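Only one chain is included here, represented as C-alpha cells and corresponding to the form predicted on its own.
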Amino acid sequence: MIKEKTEHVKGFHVHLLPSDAFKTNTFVLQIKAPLEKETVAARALLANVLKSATEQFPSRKDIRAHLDELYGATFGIEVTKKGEHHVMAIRVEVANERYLKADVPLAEKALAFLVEVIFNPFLTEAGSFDERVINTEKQALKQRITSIKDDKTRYANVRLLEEMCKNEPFGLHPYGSIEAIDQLTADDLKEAYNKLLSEDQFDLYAVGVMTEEDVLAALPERKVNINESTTQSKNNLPEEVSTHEETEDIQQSKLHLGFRTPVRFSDAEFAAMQICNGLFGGFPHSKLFVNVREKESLAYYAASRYESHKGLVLALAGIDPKEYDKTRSIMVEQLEALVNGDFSEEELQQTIRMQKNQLLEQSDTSRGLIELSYHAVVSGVERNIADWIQQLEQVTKQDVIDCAAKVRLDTVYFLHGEEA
C-alpha cells in the first residue's frame, strides 16, 4: 500500500503519494467550495476559461504545443459535486522521465504548467478575462448541458436529483444552468476567480516519483481566508413519496427511484451501507438485476448507486412504459427483501469480495488513488484502503439488514414517450 504524506504549506494541502508503480507522474489540484446556486455557473465557466488560455500559453493551440513538448502530457479541468461541495479538479499527467532516454525534468515542468494555469490566466491589458474566450467557452459549456438530454438515462438521473433535492444544494447541476451562464459577464468571472484564490480549499495531489522538496518549491504562496470545515447538509427522511412524470420522444422509458439514508461516508456504518447497496443493485448478482431484469424481464437495465457524501441511493431501470406499476412495486420489494434478511451468506460474501475488488482496482491507478484519498477531505474522516477493506470484510448480515431498514423512498421520476 502506498503511504500518503500530507502537509499544509503555502495555503495548500499537499498530498504526496510516492510510488514507482506507475509510468507517469500525476498532479491533481482539487479546489473545493460550497455548492451554491449563486456561484455554480460562474465556477463552471471559469474552469473552461482557465483551461483555454494562460499568460504564457495564450491559446488552446499554444497549450497543445506545450503539452506535446512534454512528451504528450495530458491536461484537463473538470467540475463535479461531492456532497454539498463544488469541486474544480485541474489534472496534469506526464511520463515518468526514468522511462525516457532524454534527460528532461518532466515532473517539474508539468507542475509548473499546472501552477501557470491557475495562477497566471490569460487576461486583457485591463486585467479582465477576454470576452472572446468567455463567449467561446460559454457556447461550449451550454452545449455540454444541452447534450445531457441526448443521453436519456443520464437526463433522467439529473431530473430525479433536481426534483428530489430541489430545495437543497445537491439538486444543482455542477455546470449550472444555461440561463445563468448567459448572464455571466467578465466582471462576474473575475469576481469568481478572486474568490476562488482567496477562499477555496486547495488540495494538491502528487502521485509518482518526485521529492517533497521539488513539489513544495514549485508552489506560490497563497494568502487565504478559508473555512476548511466540511459541509454536511440536512438529509431528513421523507414523510411521503413524491412522484414526477415527464414526456419525451423515446421508446424506452426511464423509471428512477431516489431513496434517502442517514448513513454517509463519514459514518461507522459506511462499509455496511456499501454492501447493502451492492446487494440491492450494485452488481450483476444483485436483487434489482436478478429479479427485475432477469427473472421478470421488466427492464433493459436495472441497477443502483450510492451517493455516500449526500446519503442517497438511486435505483435506475429502463422499462416498457406499460410495466410502470409492476416494475415500481418490484423495485421497492427488493429493498424490503433486504430488510427481511432475504439474502444468503454466500450472496453477502460475494458482494464483499466484489466491493473489495472494485476498491483494489481503483487503487491500482494514480487517478483512482487520488479519488479515494479525496473522500477524506470531503467527509472530514480519513479511511485508508487497508482499514476500508477490513471494514468491508467485517460486515455481517445483520449490519446489512440494519442499513436497509434506514433507507426510505423519497422520490419517483418517470420519463416516458407520448404513447404512455
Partner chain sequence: MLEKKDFPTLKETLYQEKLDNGLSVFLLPKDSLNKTFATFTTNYGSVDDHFVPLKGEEAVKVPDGIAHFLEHKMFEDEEGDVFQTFGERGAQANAFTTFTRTAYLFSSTEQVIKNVHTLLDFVQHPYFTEDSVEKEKGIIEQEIRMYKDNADFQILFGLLSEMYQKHPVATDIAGTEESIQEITKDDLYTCYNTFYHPVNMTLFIVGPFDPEKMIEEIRNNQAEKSFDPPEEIERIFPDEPAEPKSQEKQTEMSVSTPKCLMGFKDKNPNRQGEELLRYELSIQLALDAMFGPGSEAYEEMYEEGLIDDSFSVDFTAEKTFAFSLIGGDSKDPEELVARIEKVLSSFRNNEISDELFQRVRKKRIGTFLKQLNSPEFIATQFTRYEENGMDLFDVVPTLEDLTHTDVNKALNEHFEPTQQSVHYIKPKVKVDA
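Positions refer to the first chain, counted from 1. Computed from a prediction, not measured in an experiment: that's the story for all the values here.
Keep in mind the form predicted together with its partner chain is missing from the figure; the text below concerns it.
If we take heavy atoms and a 4.5 Å cut-off, which stretch out of 247-255, 81-89, 270-278, 307-315 is in contact with its partner chain in the predicted complex?
Heavy-atom contact with the partner occurs in 247-255.
Taking 157, 177 and 408 as a possible spot, do all three reach its partner chain in the predicted complex with a heavy atom inside 4.5 Å?
No, the candidate spot makes no contact with its partner chain.
Does the 4.5 Å heavy atom contact test between residue 240 and its partner chain in the predicted complex come out positive?
No, residue 240 stays farther than 4.5 Å from its partner chain in the predicted complex.
In the predicted complex, does residue 301 have a heavy atom within 4.5 Å of its partner chain?
Residue-level check for residue 301: yes, a contact with its partner chain.
If you check in the predicted complex, is residue 166 within 4.5 Å of its partner chain, heavy atoms only?
Although its partner chain is absent here, residue 166 would stay clear of it in the predicted complex, with no heavy atoms inside 4.5 Å.
Counting only non-hydrogen atoms and a 4.5 angstroms cut-off, does residue 72 reach its partner chain in the predicted complex?
Judged by the heavy-atom cut-off of 4.5 Å, residue 72 is in contact with its partner chain in the predicted complex.
Going by heavy atom distances of 4.5 angstroms or less, which of 190, 152, 173, 260 would be at the interface with its partner chain in the predicted complex?
It is 152.
Residue among 394, 357, 384, 56 with a heavy atom within 4.5 Å of its partner chain in the predicted complex
That would be 357.
Scan 196-223 and note down the residues that get a heavy atom within 4.5 Å of its partner chain in the predicted complex; none is a fine answer too.
Read in sequence order, no residue approaches its partner chain (within 4.5 Å, in the predicted complex).
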